[in-house]
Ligand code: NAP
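Okay, so here's just one chain, in structure tokens, the form predicted alone.
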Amino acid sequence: MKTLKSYVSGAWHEAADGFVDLHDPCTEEVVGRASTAGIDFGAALAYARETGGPALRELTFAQRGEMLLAASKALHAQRDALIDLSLLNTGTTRKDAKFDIDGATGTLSFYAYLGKELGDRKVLLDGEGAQLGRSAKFWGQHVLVSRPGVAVHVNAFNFPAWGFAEKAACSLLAGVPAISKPATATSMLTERCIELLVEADVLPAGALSLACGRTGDLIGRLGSQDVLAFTGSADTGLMLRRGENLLRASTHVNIEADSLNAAVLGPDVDASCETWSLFLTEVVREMTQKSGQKCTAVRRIFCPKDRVDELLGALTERLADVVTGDPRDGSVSMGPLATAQQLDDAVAGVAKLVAGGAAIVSGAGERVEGASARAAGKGWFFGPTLLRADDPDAAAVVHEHEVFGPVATVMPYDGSAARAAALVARGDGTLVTSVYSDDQGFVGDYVASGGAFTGRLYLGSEKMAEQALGSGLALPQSIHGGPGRAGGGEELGGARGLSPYMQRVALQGSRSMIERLYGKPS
């Protein structure tokens, strides 16, 4: 059994007590333990602010980009070992482990090259300048400058590599040191990633810290120049947002929360279309990848009412091919849920959906015996479960309660974009909604009717099918976040991902001076 350490104030810290156990989700065996007991978080924050911050801000964007590229390479060099660790502590298949780890290295690499593009400067122009006086001599220009604080990154259990890396990439490129706080249950992988970066000596002292265990008084010590970025449940996000010190200091808080993401099948799509096949492939993948434990997973499926039975039959057939079990068996295509609590919540969640008007079409909606499980009754295995709710207006719970596992509900709509958008909007904000249609008019109507209720619209069609990556992939070029229930925050999105860690300043003065200092917008 491994005792995880934290990395704060430039040194590794191993606690003596207060441990939380980490498990192998396939066997329920304890494989590690973690605790932050004994950490002086005040000192950790001060070290990050006073040592890591100045060192990062001394570097140009291009130099910070070189640093991120070295970090990406250091993690990629240990890819196979990291995959094995993911199987042990998160129960993912090798394919899903690669999805997490390659997402981490790919995002670091993307922001490395963005740093190269931003070049040898430390201040970013934000939009076009504007004439403020009788002539262009008196000029206004918005710029972004690094905050002289620290970013605390509180990450979810489902992506222990990608989750830490996507936040760290933006923060570090923006010139702000980060303290990464992974979800304790799956923090083995995050600890090893940061250990590799420390060993490779690719980051300045104080630029990246790690807290494996409880946050203690860490968040309560954040101030006006600091940033709190959180990924996890809406309830936890709300609790964090209410922190008195955060409210008093107007600390920048970025929340990316769970959401009831939706997939909409357009009325023009039938079984003869390539778009139909794309829809089936991607919905099944988004239901089952990472055992459905993704903030971008499809939870609600809207289908024209005259095709509901046909769609249910096709989805059921494909889900029947999913083998749930111990991913160390190569025939297994979906692993267990990550924790005992996640399993209990999934079972209770399906029961809640059924009580609220949905009916199970395929799957058990409860724990199953996993293929190649080492012992009967062991492992937090939960098979893919498909439900239907024939009256989506009456089945309010389907739009309110998320089952964080391989579970989705099919519902009918009348074929109009406005009606589909209104039903999706019942979820009060999604991270991503996918619309599958080759009808430009339908897609345009949906964007106009439903675009305000999501952070990202994934438009599946025949023309993009060959290059389709799926709605669940949070690409660094596009924003990741959403309104309402989804948290109201934004991450990634290319250079936009730096803005939470930078202060927007309106410069007013001599145009020639401003442009000599910072250049002209390209």
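Start at 1 with the first residue shown and count on from there. Just so we're clear, the structure is a prediction, and the values are computed from it rather than from any experiment.
What comes next is about the form predicted together with this ligand, which does not appear here.
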Notebook entry, point to check: For the chain seen here without its partner, which of 366 to 374, 251 to 259, 198 to 206, 78 to 86 has a heavy atom within 4.5 Å of this ligand in the predicted bound form?
Noted result: 251 to 259
Notebook entry, point to check: Looking at Thr184, Thr324, Gln141, Ser72, which is the one with a non-hydrogen atom within 4.5 Å of this ligand in the predicted bound form?
Noted result: Thr184
Margin query: Give me the residue from Phe230, Tyr413, Tyr446, Phe279 that has a heavy atom within 4.5 Å of this ligand in the predicted bound form.
Written below: Phe230
Check: For this chain shown on its own, do Ala97, Ser109 and Leu475 all sit within 4.5 Å of this ligand in the predicted bound form, going by heavy atoms?
Finding: no
Checklist line | Heavy atom of Met239 within 4.5 Å of this ligand in the predicted bound form | finding: yes
Note to self: Phe404 versus this ligand, in the predicted bound form: is there a non-hydrogen atom within 4.5 Å?
What the structure shows: yes
Margin query: Since only the chain is shown here, I'm wondering whether Leu118 would be in contact with this ligand in the predicted bound form (any heavy atom pair within 4.5 Å).
Written below: no
Notebook entry, point to check: Even though this ligand is not shown here, does Leu246 get within 4.5 Å of it in the predicted bound form, heavy atoms only?
Noted result: no
Notebook entry, point to check: Listed by sequence position, which residues of 338 to 353 have a non-hydrogen atom within 4.5 angstroms of this ligand in the predicted bound form?
Noted result: Gln342
